[in-house]
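Single chain ahead, written as structure tokens, the form predicted alone.
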Amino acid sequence: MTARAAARLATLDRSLPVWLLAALILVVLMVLPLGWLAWLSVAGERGPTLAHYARVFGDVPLRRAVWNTIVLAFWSGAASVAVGAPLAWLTARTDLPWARALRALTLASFVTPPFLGAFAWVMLAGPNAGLLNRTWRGLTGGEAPLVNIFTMPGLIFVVALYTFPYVYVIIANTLELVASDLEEAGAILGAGRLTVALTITLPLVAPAIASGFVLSVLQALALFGSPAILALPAGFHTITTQIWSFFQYPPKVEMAAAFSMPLLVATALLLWLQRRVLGRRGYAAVGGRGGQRRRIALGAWRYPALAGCLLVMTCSVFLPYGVLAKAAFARAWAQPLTWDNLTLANWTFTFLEYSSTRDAIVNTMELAVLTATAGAVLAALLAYVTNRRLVRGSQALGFLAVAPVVVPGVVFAVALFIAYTRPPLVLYGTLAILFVAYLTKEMPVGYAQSDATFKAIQPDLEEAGRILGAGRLRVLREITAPLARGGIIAAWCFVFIGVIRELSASIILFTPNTKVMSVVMFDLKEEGQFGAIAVLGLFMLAMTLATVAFVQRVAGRDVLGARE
């Protein structure tokens, strides 16, 4: 070895293999399955062909599924903004009573799996046995139901109940950054509260509203559970349920791939639009960090506004979990909860007699802990590399880390099925394929949290450690990681919650030996075991809220990011 080569080797950053390995893992997680998906969508016996696309989009029922998805996504996004934006303004900028409790209830809605909310609303507003309809018939003596949840408006209503928290979080956090100076100036000049809100506050948070709308539309586009529970009994499909139907025997994988690509393109375009909206306008520049944020007095509107907020929470939290709690302890969930109808049989059946439950809980917890740990570590490494620009092309790594957000879970499941049911990596039928699906799907959440954390940590202490002779890995372990501890724990929590509530990818990738809790609940619905569904739903909520409480205690932060 020459002296020059030895000198170059001595100056080489020994941490480089770690960053390169993290980058390689990310590329394999994303590029391999999506590459297979794109290829199979055009693969033919004699080479590339568009025949699969022609079959898919020449089919009238399949085109109708696309239109149903567009209608669902648009109106769910609009409803989410209509609910989430006023709620965010009321809790963040006014003297609304019980604002802290309303934020906590919004968190409960945020962590509720949409498919669980759909189960609950079947019990509440099913046209025949739904409790609200039974109560309505008892009061009026009529035969027609008050509401039928098995309709497109019913589906939009349920989806909006569990997507509005995304709008709420974005707008509430934005309002926390905007000072009250201009609003107070408008009030001094004689403008009323509503005028100030519409002419001053609304334009300031318009980018956040647009971003929340796009995010809600993305969530609605990607949902499988709620449409499967409410749309299929009503006789119509969305794109995600149609893709799932392609995997019923005999599977039509090529058609599933072709039908998945337009959904992938649509979500990518929506995310691009969201970034353009946020990139063009800032919404945290008014008043600076030191600006005052004074509460707006609602006066006589305090309690009507509170009643409206409680109505939203009644629909998203109180009624669903009330009916789940009732069903969990009732012999017949549709009957009044009298002493004769009270039982613990649902609990013993679910945890002791139903053969799939215990294995599903073990699988879910194992996957959740493993995915959250691996995801938090990988996201932290990638965010550190991107923020400190440690390798060439680090910005491309940041793009790849958030790229899975444009891939709906059911689409990515199709890609993984195609990629890992053939050599060299045959993972289908094992928990490993679910781990890969969850890790990739939840990476954007963990990365976004870690990226914000490392942006807030100035590199001065790291440079001081390097000057004193410590390697980059040692600096990361002993200086940066302790400073980033709270953010990394929060990233772990977000990934954990995402895995617990995931259904869209699981429903395609599971096998009888690899069922998770969400799949078992879907199976129980097919069997009509609503009491067991209620038990598992309450158990899932308890696990999720316990995790959130633990993280808020350890990390010292509110998961929703809102402050008093």
Partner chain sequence: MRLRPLRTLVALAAACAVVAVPAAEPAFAQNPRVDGAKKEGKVVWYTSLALLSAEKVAKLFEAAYPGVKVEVHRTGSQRILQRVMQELQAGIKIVDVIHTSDAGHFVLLKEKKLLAAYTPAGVERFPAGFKDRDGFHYGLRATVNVIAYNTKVVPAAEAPKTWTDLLDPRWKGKLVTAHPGYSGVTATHVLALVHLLGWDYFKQLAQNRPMIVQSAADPPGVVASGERPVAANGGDYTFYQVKKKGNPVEIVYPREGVPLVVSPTAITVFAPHPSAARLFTDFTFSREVQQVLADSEGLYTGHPDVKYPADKPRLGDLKLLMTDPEELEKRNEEIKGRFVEFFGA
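Numbering follows the first chain given and starts at 1. Not measured: the values here are computed from a predicted model.
One more form of this protein, predicted together with the partner chain, exists but is not displayed; see below.
- For a residue to qualify, one of its non-hydrogen atoms must sit within 4.5 Å of the partner chain in the model of the complex; none of Arg100, Arg295 and Thr453 qualifies.
- Residues within 4.5 angstroms of the partner chain in the model of the complex, judged by any non-hydrogen atom, belong to 349-357 and to none of the other stretches in 109-117, 86-94, 302-310, 349-357.
- With the partner removed from view, the residue among Pro127, Pro262, Gly322, Gly486 that has a non-hydrogen atom within 4.5 Å of the partner chain in the model of the complex turns out to be Pro127.
- A heavy atom within 4.5 Å of the partner chain in the model of the complex is found for exactly one of Leu342, Val426, Ala144, Ala82: Val426.
- Within 4.5 Å of some heavy atom of the partner chain in the model of the complex lies at least one heavy atom of Thr421.
- Proximity of Ile508 to the partner chain in the model of the complex falls within the 4.5 Å heavy atom cutoff.
- In the model of the complex, none of the heavy atoms of Pro203 sits within 4.5 Å of a heavy atom of the partner chain.
- Mapping the unseen interface onto this chain, Phe74 falls outside it, with no heavy atom inside 4.5 Å of the partner chain in the model of the complex.
- Interface residues of 517-551, taken as those with a heavy atom within 4.5 Å of the partner chain in the model of the complex (partner not displayed): Asp523, Leu524, Lys525, Glu526, Glu527, Gly528, Gln529, in sequence order.
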